[in-house]
Structures are given as structure tokens and as C-alpha cells.
Ligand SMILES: NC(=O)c1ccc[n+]([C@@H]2O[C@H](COP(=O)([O-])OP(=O)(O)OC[C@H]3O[C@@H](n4cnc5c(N)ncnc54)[C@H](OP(=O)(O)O)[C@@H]3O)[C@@H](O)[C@H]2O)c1
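Next comes just one chain, in C-alpha cells: the form predicted alone.
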């Protein structure tokens, strides 16, 4: 009952920003920009459907070579067909719920001497039920956060980013309901797991990790964090059917949700000292409630925590992270 009331308050609080209503209002302030991406290489995770597929298709349409990374080979094949069978749409089969498979992707990209202009860390899911991977981690934690960390750190350590490159982390408006807490982020049992709370914590952690990377890497690459608003995606239909049923006519399309990622990857605005999170080409505050500022961890501790989680998947030291 309390969660239902809290959800109702949350949706009422953010309706005019996160729905299609908010998008239409902000679109009035948009200015034209150069959309061509010829000669660039974009790596998009979770590219086989939803927002990831929309980003991949549009980046390809604008002239980019797109490395489309996802788990399902059939959906990746459909994506290539949607791009007209173009050689500039290259499917990469990888399981982002696996640390080892994500590391394999980094190694493969390094071995083939790939150079990345834009990385979009888009893959994510909300799991109400508890699932443990073969490496011993809760599945949504690896998919939503740990794989992003492994991929981005690994590409950076191997010098895979071009000069002036950008990393775009796809967060969620749900992060406004969670502070940064290391406990509860990676449950070890069904008793500890709360899917919706964990998802919000993962998305809050993406914001903090963005700031940590910008502090460490000093803009090479520039790292942005955004959220797409409320979007009618296959994931929402599966995980939040009641939410979709109530607000369907106000939800954004995947193409509309992809716009800010494409804009950030094209224009690469300066990194703001006070952080923030991007929505509809504008930078919003990272906190909407005082309670989310009350945390027991900071970005540096999150970074160290994630290194420990990676190393717990293997006996080898994680070489992607700089001490």
C-alpha cells in the first residue's frame, strides 16, 4: 500500500517532465544542429530493441558505422535488415549479464583495432524476481551497471576511444527516487532482492559513475548521463504493465527517447562542474528530493566497489580500472 502511494506521488510529481507532454514543451526551445555522423563509429549496447535499436538505426541513417551489441542473434539480424543490410550496421552478439562475455567484447574490439567515437551504455532491465548469474551476481545488477563499468573502463584502458569521443550512460527517471547506496544494489539472495528499488539504485549509480569518470579522465572521453523520459518500450510492457496501461497515451516512442542520446553524441556539449542529468537536450538537476542526497557512499567508493565486484567474478585482477 505504501509503495503504491509513493508511486502515485512520484508519477504525479514528474508527469509534466517525463511524459510526452514535457517533451513537446521542451521541443519548442530546440535549435537545429549538424546531424551528419559520417566517418564515426558508434557502439550501442542493448541495440536489438527499444531505445537502443532506435539509436542504432538513426545513427546509421546519419552516416555512422554502428557496432550494435546485444544478446539475441535473431533480433540483431532484424536490425541489420532494418538498416537495409548495410555493412555499416555490424551486429555483435554479447551477453551483458556476464562479466566474462563483456570482457570478451572489449578484447575483441581491441584485437580488431576498433576506435570508438561514441559509446552508448543503453542495455538495462528491471527484474522483480531474483536471478543469479553463473558468475554469482544478481542478473539486473550486472546488466544495468557492472557490464557498463567493465566495457567503458576496458575500452578506456585499451585506448579505444578517439580524441573527443563521448560516452553516454542511459539512466532512468527512477533514479530520482533513490540515493547512492552500495548495500541492496547487488543482492545475494531472493530475500534481499527488491527489483524496483535495485533498478533505481543502479540508475542512481550510473549518475555517480559518470561524475567519477569525468573527474578521472578529464574529458577524454567526455561522459554524459541522460534519461529518456517515460517510454513505451518492450521492457516497460513486460516489467511495468500497470504503468503502461495507465499512461500509455502519454508515453514517448523509442525514436523520441533516442533523441537526446543522438544530440549528445553529435554536439558533445561541455561537461558541467555541477553534474546534472540530461533530458530532452537540457541538463536537469541530479536530485529532486532531499532524501536522495543522504547517502553512505560517494562516487569514489562506488568505483572501488565495482572493481571488487568484477574481481569477484574471476581470480584475475581487473586491469580495466586505474587505481
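Residue numbers count along the first chain shown, from 1. Predicted model only: the values in this text are computed from it and were never measured.
Not pictured, yet referred to below: the form predicted in complex with the ligand.
Contact check for 94, 97 and 231: all three have a heavy atom within 4.5 Å of the ligand in the predicted bound form. Of the listed positions (210, 140, 122, 152), a single one reaches within 4.5 angstroms of the ligand by any non-hydrogen atom in the predicted bound form, namely 122. Checked against the ligand in the predicted bound form, the residues 104, 216, 132, 71 give one hit for a heavy atom within 4.5 Å, which is 71. Per the 4.5 Å heavy atom criterion, the ligand in the predicted bound form is contacted by stretch 43-51, the sole one of 43-51, 272-280, 290-298, 28-36. Heavy atoms of residue 184 never reach within 4.5 Å of the ligand in the predicted bound form, leaving it off the interface. Contact annotation: residue 225 falls outside 4.5 Å of the ligand in the predicted bound form, judged by heavy atom distances. Within 4.5 Å of some heavy atom of the ligand in the predicted bound form lies at least one heavy atom of residue 199.
With a 4.5 Å cutoff on heavy atoms, residue 115 does not count as touching the ligand in the predicted bound form; it lies far away.
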